[in-house]
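Only one chain is shown below, in C-alpha cells, and it's the form predicted on its own.
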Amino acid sequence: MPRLFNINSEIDPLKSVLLKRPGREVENLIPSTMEDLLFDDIPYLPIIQQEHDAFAEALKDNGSEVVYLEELVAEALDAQQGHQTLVDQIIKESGIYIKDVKDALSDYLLSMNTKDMVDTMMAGVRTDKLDIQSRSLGWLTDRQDQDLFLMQPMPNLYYTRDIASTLGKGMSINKMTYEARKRESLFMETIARYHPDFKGDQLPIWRDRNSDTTIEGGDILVLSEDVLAIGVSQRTSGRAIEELARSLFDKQNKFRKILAIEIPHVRAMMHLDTVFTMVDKDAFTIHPGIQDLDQKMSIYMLEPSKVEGQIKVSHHTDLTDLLKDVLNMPEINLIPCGGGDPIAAPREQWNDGSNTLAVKPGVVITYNRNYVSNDLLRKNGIKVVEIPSSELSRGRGGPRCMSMPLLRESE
C-alpha cells in the first residue's frame, strides 16, 4: 500500500513522522571542524541517543508512527538497486573528482551491506580508511595534511525538518544553504525516487533540490489548509519563497496565501521555527526579539494574481492582525518565549524554547530545560510534554527541528 502524505496544519493530530537517530556522524565532530559543520559543541553520543529515543517514545505515546531516515534510505536502495547511483552522486557532491580516489571510495562503499553503506555515508569516511595510491598531482598537492576526512560527516542530519517539507499531499525537497548540509537532501531525493511507499503519482514534488535558490524546512510552517508562513531568514531567500509560491499556485489549488516573515539573519534565529511556532488553533510561541518595540515587523503576503504569470504581493507590519485575518480567528494569542524577560527570553530561545512540536491541538513536545517558557505555555492552557535535552540542544535545534511530519489527521 502506498504511504499517505497529508500536512494541512501545524497542529492536527500527528500520525506519521520522519526522524534520524544520531549516529557516528556526531562523534566525528572535532573542535577544528565544529564551525564549518555548524555546531557549537560536541554532543556525547550515548546520551544524545538516549534523549532522541525518549523523543521518539513521546511521539509514539501521543499516537504517531515513527519512521527513520537511515532505514528508509536503505529500503529504497534495496527496492530498486539504486546503490551505484547514490554512491556516484554523493561522491560528486563531496567534491571528489580524481578518478583513482573516486574509484577507491566507490569500491569501499559498495563493498558494504546496504545499511552499513548508508550509515557510513552519513558518518563520513576518514582518509586513513582507504589505502589510496593515486599519482594524480591533484591528490598529491591539493590535499591538505590535516584533511582527516575524505567524505565529511553530516552531524546535522538528526534535524530532519530542514531537508524536505510535506505540504498538503506533496513535498518540497529542499536545497540547503551551507556546504555542510547540502548533501543531506540527497537522501530524501533517493527515498522519493526509489522507495515503494513514496514514489509515484501519490507524491507530487512541488520543488526539488536542484533549484538555484535555497530554502530549508525549518522556515516553512503550514498554518492551515490554505496558508503557509515562511521565514525570510539566514537560510531561506525571498527568491526561493517566490519560486515555491509560483509552483504551489500553479500545481495545486489548496495553498493560496503565503506569509513571508522577515527575521534577523543570525545563527541564533536561523529558521522561522526557532522564533515562532504554532501550538493551538489560535496560539503561537514567539521570541520577542523578532518584533520591534512597538511589536511591528515586516511581513509580505503572496497570493495568486489575476494577471497570468504574476504573484500579488502585499506588505504588512502587524503579525497578530494578519494572523487573525488569514486564519479567520477573532483573537490570536502570542506567547512570548521566556515570558519576554530580558534574560530568560534570549537564553531559552538559544536553547529552542520557541521550537515546539505540536502533536495535536494544544499539546506540544518541548525541551525540559526551557522551564520558564514551558510554565507559561501551561498557564495558557497548553499541555506540555517535556523531553530531556542536555545533549540534543547542542546542535541548536528543538523538537520541531528534529521531526519531519509526513501525515497529520485533519479534524
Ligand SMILES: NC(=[NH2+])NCCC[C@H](N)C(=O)O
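Note that the coordinates shown come from a computational prediction; the quantities given were computed from them, not determined experimentally. In this text, residue numbers run from 1 along the sequence as written.
Just so it is clear, the following notes concern the form predicted together with the named molecule, a form of the same protein that is not shown.
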{"item": "Answer range among 311-319, 122-130, 109-117, 159-167 for contact with the named molecule, defined in the predicted complex as heavy atoms within 4.5 Å", "value": "159-167"}
{"item": "is_contact(Pro22, the named molecule) in the predicted complex, heavy atom dist at most 4.5 Å", "value": "no"}
{"item": "Distance check, Leu38 to the named molecule in the predicted complex, heavy atom within 4.5 Å", "value": "yes"}
{"item": "Contact test in the predicted complex: Arg267 vs the named molecule, heavy atoms, 4.5 Å", "value": "yes"}
{"item": "4.5 angstroms heavy atom contact with the named molecule in the predicted complex for Pro153", "value": "no"}
{"item": "Candidate from Cys401, Ile387, Ile11, Leu18 lying within 4.5 Å of the named molecule in the predicted complex - any heavy atom", "value": "Cys401"}
{"item": "Contact residue in the predicted complex, chosen from Arg183, Arg235, His287, Arg207 - any heavy atom within 4.5 Å of the named molecule", "value": "Arg235"}
{"item": "In the predicted complex, residues of 391-408 near the named molecule [heavy atom within 4.5 Å]", "value": "Gly395, Arg396, Gly397, Cys401"}
